[in-house]
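Quick heads-up: the structure tokens below are two forms of one chain, split into structure 1 and structure 2.
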Structure 1
């Protein structure tokens, strides 16, 4: 094996210029593919983190059927076993209780529909990052019945801190849900649909308003390692009574975001596919030339007693050496660049930033440091190399030593 290795390695350097060109082309493919994908995945992760952090969290538990019919009648009082399950799991850093519903808001002679979220504001600040969004006033105390309203709603009613807002809605099992509540603060959300109609209030006040004491519409789970999400979801699914509860991850909660990412991702994959196709022809060209140049040598090796299988192994090694070498160099060079752009993400400015912010996303383009990106692309390159090696393999399998030695 050592000699086969040695032969394969030395064969690469027989035609140095050609090998260097081939290795360089593979290197650039790996570099650009990993570079481009790192930004693409980085942006997706940022979008997910924005959306998940803004509103949904990575996982939510509801009463079974709530997500299909988001009514306060589908609220629930969580069993102690559920709370224990969440408390005991080290991967869950915290969980937020929410009571969410809708109400008609009114002030003077104006009305507007709004999303009412009864939350534990202290915990919710950790998830939704509310403090920086508070543009005036303060957070109400846990036992208070004051409101935080979104900036869009405040400007609709021309309202400021200290004014009062009327809420009119339907409570649990048809009870009336009416009240007048002082505004203690105004929040500015980047997402227009939240900024125009969100009202936050302490959960106790919301439960009282909706005549739903102790009831929740969702338990929002906070985790600090999103990569463990699938494992955690599987674990909780096993422990949770799925007849009674439903467990949804962010993909189930934000299907529009998933579709947006999938559509954008498809574009990226096509571009990288074209890049790889060009590189494939380069690799194939090298192998075609190498095979044609060495037909005589192949004939000799078979004549003197080398089995075709060993000869094929040598050729596969040669091709893989080039692929592995180029991938290692590519990954080594792109890694510090990715690291730099992860620590110093590209910040969009002016109109570009505004258009991104309008969708509720932070206007930054960070590079992902996920090692899977580099490994996947190295794997793709090696696969391409192996596919291209089919040509010399077939040539060797068909080779007649006498004919080959005449070339």
Structure 2
């Protein structure tokens, strides 16, 4: 076997021109496949980060059944064991307590339905990045009964900081939830659904408004390593009483986003598939050329006693060596390119940027640095190389030494 390895390696460099052409075709296959897929996955990761960081977080804990029927009656008082579980886990950087409900807002002769979120504003600033979105006023104190309202709602009522907003709703177990609250600040959200109807207030004030002391509708878990999400979810699921609580990740919280990514990914797979078809014909063409040029060599080797099985194995090793070498070069060259576009993403402008921002996404196209992308596509290209090697293998099996030496 050692002899075959040596022979295969030497054969590659006996005809440098031919080998460089083959290695170049494989190199470009790896480079363009990884390059294209990195941008596609980078866009998906940015979409997820925008949506998750805008509102839902990566994981949420509710009372069992809350997500199906999002009523304040399905709120809960978290057990100390649940809080200890979240405090003790190093993968959870923090968790946000929320009390969410709906209410009719009113000012003068106008009314509008709104989402009311009672939150710890300091924690929510860490998740939703509220400080840059504050276009007027200031955050209310934790014990205050003031509100932060979205820009769309403020514009609808022609309201500014210092004005008051009336909330009319239904509290816990049918209690009345009415009050007049001063506006301490105005927030501008890039997502239209939130910007038109979101009201934030300190959680203590929300619990008092809805007659739900100490009650929460959700615990939003903040994590700084999304790649550990599945492992973390499994761990918490084992420790959590799933008859009392439900644990949902962002995929369960944002099914529309999952479907959008799946639909777009299908189109991306088709494009990558077309690229691989072109790549396959390029690699096959170089192997056809190599086989045709070496027919006389193959005939001589078989004539002097070399078994066809060893010749085939040598040829496979040659293809693998060239494929591995080209893959290493391809990954080495594409990695700094990916890094550059990860740190300096392509920024969309004009109408393209406006249409993306309308859905709450940042109008940029970054490249992903996930090494799995590079390794997976290098593996696929190597598999294509091996499949293309079938042709020279079949040629050797059918080879007539005397006829081959005459070519």
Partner chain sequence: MEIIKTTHLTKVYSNNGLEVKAVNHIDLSIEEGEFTAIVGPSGSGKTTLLNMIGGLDDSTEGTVKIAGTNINSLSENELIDFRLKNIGFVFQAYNLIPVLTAKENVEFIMLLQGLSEKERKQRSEELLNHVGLTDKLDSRPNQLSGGEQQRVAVARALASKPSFILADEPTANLDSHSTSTLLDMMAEMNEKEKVTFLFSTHDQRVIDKARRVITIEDGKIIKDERR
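Since the structure is predicted, the reported quantities are computational estimates derived from the model, not experimental observations. Each form is matched to the other, and the largest set of C-alpha atoms that superpose within 1.5 Å is called the rigid core. Numbering follows the first chain given and starts at 1.
> Two forms of the same chain here; which is the form predicted alone?
Replying inline: Answer 2, the form predicted alone.
> For residue 75, is the C-alpha shift between structures 1 and 2 2 Å or more after core superposition?
Replying inline: No; that C-alpha moves by less than 2 Å between structures 1 and 2.
> After superposition on the rigid core, does the Cα atom of residue 304 shift by at least 2 Å between structures 1 and 2?
Replying inline: Yes; that C-alpha moves by at least 2 Å between structures 1 and 2.
> Does residue 293 move its CA by 2 angstroms or more between structures 1 and 2 when the core is aligned?
Replying inline: Yes, its C-alpha moves 2 Å or more.
> Cα of residue 397: shift between structures 1 and 2 in Å, core-fitted?
Replying inline: Comparing the two forms, residue 397 shifts 6.4 Å at C-alpha.
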